[in-house]
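The form predicted alone is given below as one chain in structure tokens.
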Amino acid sequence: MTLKDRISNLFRGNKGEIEIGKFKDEYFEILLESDVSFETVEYILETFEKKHSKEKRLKREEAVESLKEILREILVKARPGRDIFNPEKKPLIIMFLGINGTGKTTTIARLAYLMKKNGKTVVIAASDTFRAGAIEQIRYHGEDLGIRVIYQEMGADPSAIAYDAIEHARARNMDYVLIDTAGRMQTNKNLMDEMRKIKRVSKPDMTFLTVDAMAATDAIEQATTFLRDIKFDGIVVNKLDTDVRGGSIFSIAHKFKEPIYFLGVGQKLEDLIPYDPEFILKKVFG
């Protein structure tokens, strides 16, 4: 059952009004079952209680709108303040982090598609040299998009590939360098050392972390680990279209100071959209 369905069921049978205390208890359970983290649930309900501290009952519409505003406040705080489609320098170098399965390589292809659609020039660095499949995947996307991919064979130095891609872009006055990286488990020390080396060599202007909306609290744990080991500047949340419960996006937005830049909302290249709080609220409230 989706978060939208759970909220609808909460008000079913109420004759226009609800008791604040009962509503809080039921909504607490609904949020937890919808993959909203405990910390975020507590924040939402504490905020709701403060807003309605002098009331014992609320009209259904008022309660819905009040909740919507609290959730909107959480989402708006995660809105990015930087427009990467109008970069202040050339090339703008963006490095991508994320464990396998979070849609990192697909995100790079989709972002390259968006950039090219906006008349920008892009080169991709295939710096995940730990898996032959990763190199082939990004090369396939590059060929499909007509975008140059700088790569070497499996086992090559990822930092050298990133460096070559940056030099390629500088020599041709290109707009962007997008750097793919390995995504084995985030607790792997060798992988973290490699990520730090790539970042040290490439000196990216921005570092994005990709997370899987379906992973719920795991997504937050992934981000927390990366945040401790390697600083990132923004988040891309993927698989919102297949996130049945629908609550993890609120936890991600609430937990981190880093903004959310993009949302993956489908299977096609064009299904990466700029972060939009209203898009998410519409999914939840209709």
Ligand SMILES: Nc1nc2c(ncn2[C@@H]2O[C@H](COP(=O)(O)OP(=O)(O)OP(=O)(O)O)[C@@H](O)[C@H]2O)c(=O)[nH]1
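Numbering starts at 1 and runs along the sequence shown. Rigid core (definition): largest C-alpha set, two forms, superposition within 1.5 Å. All values derive from a computational prediction rather than experimental measurement.
Keep in mind the form predicted in complex with this ligand is missing from the figure; the text below concerns it.
Interface residue among 202, 105, 129, 207, judged by heavy atoms within 4.5 Å of this ligand in the predicted bound form: 105.
The partner is absent here; in the predicted bound form, the one residue of 221, 241, 33, 42 having a heavy atom within 4.5 Å of this ligand is 241.
Heavy atoms within 4.5 Å of this ligand in the predicted bound form are found in one stretch of 105 to 113, 149 to 157, 73 to 81, 162 to 170, which is 105 to 113. Using a 4.5 angstroms threshold between heavy atoms, residue 100 counts as touching this ligand in the predicted bound form. Shown alone here, residue 265 lies within 4.5 Å of this ligand in the predicted bound form, counting heavy atoms only.
This ligand is not drawn, but in the predicted bound form it has a heavy atom within 4.5 Å of residue 183. Residues are counted as partner-facing when one of their heavy atoms sits within 4.5 Å of this ligand in the predicted bound form; in 61 to 77 not one qualifies. With the core held fixed, residue 32 shows a CA shift below 2 Å between the shown form and the other one.
Compared with the form shown, the residue 227-residue 127 C-alpha separation decreases in the predicted bound form, the change being 3 Å or greater.
In the predicted bound form, the CA atoms of residue 45 and residue 227 move apart by 3 angstroms or more relative to this form.
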